[in-house]
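As structure tokens, one chain now follows by itself in the form predicted alone.
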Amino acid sequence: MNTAATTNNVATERSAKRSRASTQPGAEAVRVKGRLRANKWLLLRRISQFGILALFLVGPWFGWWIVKGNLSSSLTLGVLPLTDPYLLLQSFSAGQLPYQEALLGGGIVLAFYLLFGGRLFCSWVCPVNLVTDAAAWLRRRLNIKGGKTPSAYTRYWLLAFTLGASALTGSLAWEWVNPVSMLHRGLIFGFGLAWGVVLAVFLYDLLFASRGWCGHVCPVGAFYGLLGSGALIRVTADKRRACDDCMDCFNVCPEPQVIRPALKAVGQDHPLILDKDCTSCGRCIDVCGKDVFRLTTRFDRSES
């Protein structure tokens, strides 16, 4: 009788945790680790995102030209070219041969994301992540359920379509509607069509598809995911035996399907998250009150 009562109490406690996690993930982590440590990786990402954005904006806003250009193509301090490899791919598809400086910049960016993880761009650099994270936060707070989320393969079809459209039109097809470029333009030139595109992304994630844009539609994310499939930096669930199934990590992860194989040993025997769609944002590390997750390399497959 006592055993049955204990089992029921544990089940009830887990159910209550899952219910809280759906609207306030990370509450236990804040209580256990403190607010600062429970948001460490989120704060570092925001510093990175706002810092990079500021480097691009202080030129047009104040005349301090540390970086010229935008996230598609830029020149830092007049010596360091950086070019989005996806932009170069569109350029080649369109039959346009990029300048030598753009090719050098594309090679530098390509090498970085091949080594450290393509989707680092999505979580640590891309300013649209600020928009989609805000939509996800508001969706949880308002407890909005349902919607129709497209297949995760949609982004790969759209990636192929943009390259095909570039070839057919002879132009950089995705750049006409790219929300990353639109957000940049909106911050420099003010209200206009650009803000309409950004607002559409926000409303789509808020009302129609949870984490729909980054996780299912954006071809930029698809491209960088493919790029970083063999990358060095990985998240591990090396203390997975301590997991109490609170679901906080699943509720905050922009790509929750990547967690299960590592955390629950589904289809693999090690605790590393090797899925190419993991953005290495570190949010699962933040919100876990049991410290199940940490950042490591793809060669560290140990388990505590």
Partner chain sequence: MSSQNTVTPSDKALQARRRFLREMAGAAGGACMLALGVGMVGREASAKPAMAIRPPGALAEPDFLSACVRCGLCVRDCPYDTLKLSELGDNVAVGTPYFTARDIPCEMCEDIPCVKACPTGALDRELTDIGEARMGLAVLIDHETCLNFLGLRCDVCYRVCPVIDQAITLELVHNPRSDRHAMLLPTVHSDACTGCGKCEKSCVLPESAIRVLPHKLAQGQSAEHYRKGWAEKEKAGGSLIGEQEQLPMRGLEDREYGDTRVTPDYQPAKPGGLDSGWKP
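In this text the structure is predicted, and so the values were computed from the model without any measurement. Numbering follows the first chain given and starts at 1.
One more form of this protein, predicted together with its partner chain, exists but is not displayed; see below.
Chemist: Heavy atoms, 4.5 Å, its partner chain in the predicted complex: which of 223-231, 90-98, 138-146, 118-126 makes the cut? Say which one.
Modeler: Result for this chain: 90-98.
Chemist: Heavy atom to heavy atom, is P256 within 4.5 Å of its partner chain in the predicted complex?
Modeler: No, P256 sits far enough from its partner chain in the predicted complex that none of its heavy atoms falls within 4.5 Å.
Chemist: Could you confirm whether S210 comes within 4.5 Å of its partner chain in the predicted complex, counting heavy atoms only?
Modeler: It does not: once its partner chain is placed as it appears in the predicted complex, S210 has no heavy atom within 4.5 Å of it.
Chemist: Using 4.5 Å between non-hydrogen atoms, is N39 touching its partner chain in the predicted complex?
Modeler: Close contact is absent here: in the predicted complex, N39 is far from its partner chain, nothing within 4.5 Å, heavy atoms only.
Chemist: If we define contact as a non-hydrogen atom of the residue within 4.5 angstroms of the partner, is P60 a contact of its partner chain in the predicted complex?
Modeler: Contact with its partner chain, yes.
Chemist: Which residue among V177, A134, A111, A200 has a heavy atom within 4.5 angstroms of its partner chain in the predicted complex?
Modeler: By the 4.5 Å criterion, the partner-contacting residue is V177.
Chemist: Scan 170-184 and write down, in order along the chain, each residue with a heavy atom lying within 4.5 Å of its partner chain in the predicted complex.
Modeler: Stretch hits, in order: G170, S171, L172, A173, W174, E175, W176, V177, M182.
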